[in-house]
Structures are given as structure tokens and as C-alpha cells.
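We begin with a single chain expressed as C-alpha cells, specifically the form predicted on its own.
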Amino acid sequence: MFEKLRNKIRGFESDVEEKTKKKASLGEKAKKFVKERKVILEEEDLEKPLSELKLGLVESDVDYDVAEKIIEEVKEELVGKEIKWRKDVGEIVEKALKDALLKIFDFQFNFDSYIQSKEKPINILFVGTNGVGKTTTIAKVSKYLMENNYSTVLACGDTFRAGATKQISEHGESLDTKVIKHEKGGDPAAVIYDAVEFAEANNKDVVLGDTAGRMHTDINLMDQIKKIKRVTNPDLVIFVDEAVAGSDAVERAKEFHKAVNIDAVVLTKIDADVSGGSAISITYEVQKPIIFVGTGQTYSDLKKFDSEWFVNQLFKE
């Protein structure tokens, strides 16, 4: 995924090797290096290559401010580092970059543990824009929970589109799980509230509340999602967007987080993402974990997010 970035890292190796050769001819300091067969990386050695690395991150759809943060982490790791004269500098830089990326995804939240320990029913609200796979994601999460012996209730909080009720009803039928819905144009908060009431009365474990897709720039609809949260008091608010949406997804995540304080993220179409920048930037900007990624259209195409897997995929040739 980061092929351009890899090329820059390899270029970095050549730059550093050239500079260390020059240092080897500079007086007593150089003699010390030659004797010990070591080189100490200095800030001036890293200025140009790290600038190129930052550009590589931005070209991979990482938000500019986030890219700067990552490069600062790499710089802090490398300045003053002693390396063997002929050691593969490219590998050292790549490891430092990987470590900086892993720090961004370093959260303690575990979805499975949360579901297991939380008092039932658990009310989970899903938010996001139109067409990002939110309703399908809800069905996938329902399937995941049911496979782990939890019962679910689906709530159709999208009361604007007749197609939304039809879609979630079909998912409920396929999964053999209850769907709570109201008439078109009804109060979405009331639908989710009724779903929680149903879950309490029927000993169901988890309510998965769908909401109408809305653009983060629509003030009225954003006010409505605030009302839905206020009335239904969800235990978790999960933001859903596409991994391929780039900087648009980052901006949407920031605005939804500002409006309803999202707790976690699910990214769809991770299999189609050629850069990985959205996942990196969203996580950094909202400081919330990615808990699942969508890898296809079937109910089984939902993968628990693993930061080490993800970062390794970014560097996979």
C-alpha cells in the first residue's frame, strides 16, 4: 500500500550512507566512527529525508497535520541513534515509522470485553453520512454478536427513506432478529427508545440503532442526531465511514465527534483502500479506536481491527 513511501525510505538509506561517507573524512570525529564502525544520526542528516517521508504520507491520504506528528515521532526515535556503518538504514527508518503509526492506534478499549461486562441491554447508536454502508455494517455487527451468543434487536432510526425500513427489515429477516420500526416520517429517537424498551422487556442483550445518513454540514440534521443521543442515551456511539473516502471522511469524523462525542469507528471498504491514510488520520483526529473494518458485502465480511495487521498491510509489497 505504501509503495511510494517505501521508495522514499530506500532513497533515505542512500542519502544517509552518502553523508556518513563524507563524515568519515572529517578529522578525529570521523576516525572515531571508522574505528567503531558506527554512525550517529544527527538532525541535519534527517531533515531532507524526513521531509520526503512526510510528503509520502500526505500522498497516501494522511492528513497533513497528522503526517507532521508522525514524522516528529520518527525524528525523535532516530536523532542520536547509533547504527552500524553498513547496517540497512532503510529498515531502521521503516521500523521507526511503523512504531509511530502503532502509537496512534494504541487504545485500551476492547469491544468484546465491553459487551461481556456491560449491563444489558446495551444500546449502540450508529451514525454517519449517506451511502457509506452503515445499515449493512449494523447487520454485520448483529451477526458477529449472535455468533458470540448475544441476542440483538435492530432499530430503524432512519424514518426518512422508505427504502431504509425495507433494507433493515430484510437484514432482520435474514438474521432472524427483531426489527423495531415506525411509520415513515416518525420520530427516529422514539424508534430507538422503543427498541430499548423491547429489549428490556424481552431480555435481549444489544440494541443496534440505525440513523438516517446526514452530511456533517447539515445543521438541522446534526441537531437531530444530538436529540436522538439525548433521548436514547446510548452506551456507545459508533461512527461509520468508508476507508476510501480520504480527507472527506476525516472531516466528517471530526464534525460528528464534535456533535455527539463518538466512542468508536468502523471503516467500510478497507479491502478497496490503497493508501490507509483515512484510518490513520481519523484515529488521530478523534482519538477513538477503530473496532471493526468491513472487507466485503456478506455478513461474515467484518474483521476486528488489528493495528499490527493494518500497519503491516500498509508496508506489504
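As the structure is a prediction and not an experimental result, all values here were calculated from the model. Position 1 is the first residue in the sequence shown; the rest follow in order.
Unshown form predicted in complex with a small molecule; subsequent notes refer to it.
- The putative spot formed by 108, 116 and 288 is not touched by the small molecule in the predicted complex; no residue has a non-hydrogen atom within 4.5 angstroms of it.
- Contact with the small molecule in the predicted complex, defined as a heavy atom within 4.5 Å, holds for exactly one of 81, 226, 98, 161, namely 161.
- Note on contacts: among 123, 165, 136, 177, the single residue with a heavy atom within 4.5 Å of the small molecule in the predicted complex is 136.
- Residue 268 belongs to the set of residues with a heavy atom inside 4.5 Å of the small molecule in the predicted complex.
- Among residues of the shown chain, residue 297 is one whose heavy atoms approach the small molecule to within 4.5 Å in the predicted complex.
- For residue 129, a non-hydrogen atom is located within 4.5 Å of the small molecule in the predicted complex, even though that partner is not displayed.
- Only one of 231 to 239, 67 to 75, 153 to 161, 187 to 195 places residue heavy atoms within 4.5 angstroms of the small molecule in the predicted complex, namely 153 to 161.
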